[in-house]
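A lone chain, given as structure tokens: the form predicted on its own.
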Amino acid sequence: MNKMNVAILGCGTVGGGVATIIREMNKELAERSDSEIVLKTIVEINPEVASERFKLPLDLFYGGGKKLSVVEASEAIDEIISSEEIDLVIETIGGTSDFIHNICLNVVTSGKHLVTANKALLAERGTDIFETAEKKGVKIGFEAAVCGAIPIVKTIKENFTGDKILSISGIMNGTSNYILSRMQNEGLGFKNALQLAQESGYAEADPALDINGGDAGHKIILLIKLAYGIDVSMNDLSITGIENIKKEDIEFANEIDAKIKLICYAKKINGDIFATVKPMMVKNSNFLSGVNGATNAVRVNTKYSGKHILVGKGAGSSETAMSIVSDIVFIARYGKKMRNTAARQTVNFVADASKFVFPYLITFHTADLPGTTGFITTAIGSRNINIDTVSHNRHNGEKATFSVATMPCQLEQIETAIGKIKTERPGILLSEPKVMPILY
């Protein structure tokens, strides 16, 4: 039987989970990979803490279990990278710093396979890592980087090789979905729902990347690379987070039989990529509207086999660790036949958000004056936008709030209509209208 010697860099929540699974399932993993998976060493600054937390023997850690300084840990990593004994390195330190980037680049440059859950690094700075791995004939596993336990990476890489992916949409950030679910199901405001997410362990003390759409953006970039072989950067995406979702938005969603979800969306049309991360009004007829809590779900629409939905936990120690171990098994068994997923072409055009065609819901805050609703809907219609429904007005003193649901149109048509409203009736709009796509 072949042997695959592996080293883990970092033994926190994910790294410790990986070590635990390798030790507990050693026999099963050998049978599934046709190789003995041997955990040779773990580099961890505080091994005693990790040892106690994950019930790992201290002699498994580099240095025999003694606490390492940052310099010593860095030297240990360099030694592992240069070692001919190690076949595969698992990076679970995280981050996008030059230090982490260089570690991953040096791993593949040395001829070793790399497995990581580091979505931010691969999305923002992964191009040279993928290209180097391809040149060196080694593989990169990153199933755990996108939606935790959901096998979406292997599904797109392996299962749809005989099909053409038309679009990908989904809920790819559990924290934002948990917050929106609590707001919709319990009538909570954003701040209270965020606090509950933090208390429940779904949101970090600094939840910025989760609520501003950045984390979801990293994931859809990796799926675009996989599905279309195109290199897209964060700067190419139109990203809006959930920080400004209010109770009134939830109420307007209910009026049009929809739920608000932070949606990752990508579609390729004639070589052009339409990609965005935004809160959307997801119609209740769409499966994604019923995905609640911290659950993730990805919907893939293909030319020949139709629509497919994968649902599962998007984070967690054992869930993420399981995906990493799955990559190790695949590389051990099929490494020579696997292909890396470095983008092989530059994108023709990443469509500007103003070119996106969706039905939209537009929320207006206006002065409470006679004829306001009629004037605004007429201005919208003047831009060749068909209106689906207009909500009831909410009156509050001298202010009014209402929403307009459109039929499919380009966002720039709506932006032009709003400009016309501002020009012809200055002061009628008390705030910038909120525009959200409607997803059927």
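Please read all numbers here as calculations on a predicted model, not as lab measurements. One-based numbering along the sequence shown.
There is also a form predicted in complex with L-homoserine; it is not shown, and the following applies to it.
- This chain is displayed without L-homoserine, yet in the predicted bound form the stretch 213 to 221 from 213 to 221, 246 to 254, 300 to 308, 190 to 198 comes within 4.5 Å of it by heavy atoms.
- Of the heavy atoms in Gly174, some are within 4.5 Å of L-homoserine in the predicted bound form.
- Proximity of Lys119 to L-homoserine in the predicted bound form falls within the 4.5 Å heavy atom cutoff.
- Contact check for Val282: no non-hydrogen atom falls within 4.5 Å of L-homoserine in the predicted bound form.
- In the predicted bound form, L-homoserine stays beyond 4.5 Å of every heavy atom belonging to Ile331.
- With the partner omitted from this view, the residue of Glu204, Glu186, Glu85, Asp352 that lies near L-homoserine in the predicted bound form is Glu204 [heavy atom within 4.5 Å].
- In terms of contact with L-homoserine in the predicted bound form, the residue from Ala258, Ala227, Ala315, Cys104 that brings a heavy atom within 4.5 Å is Ala315.
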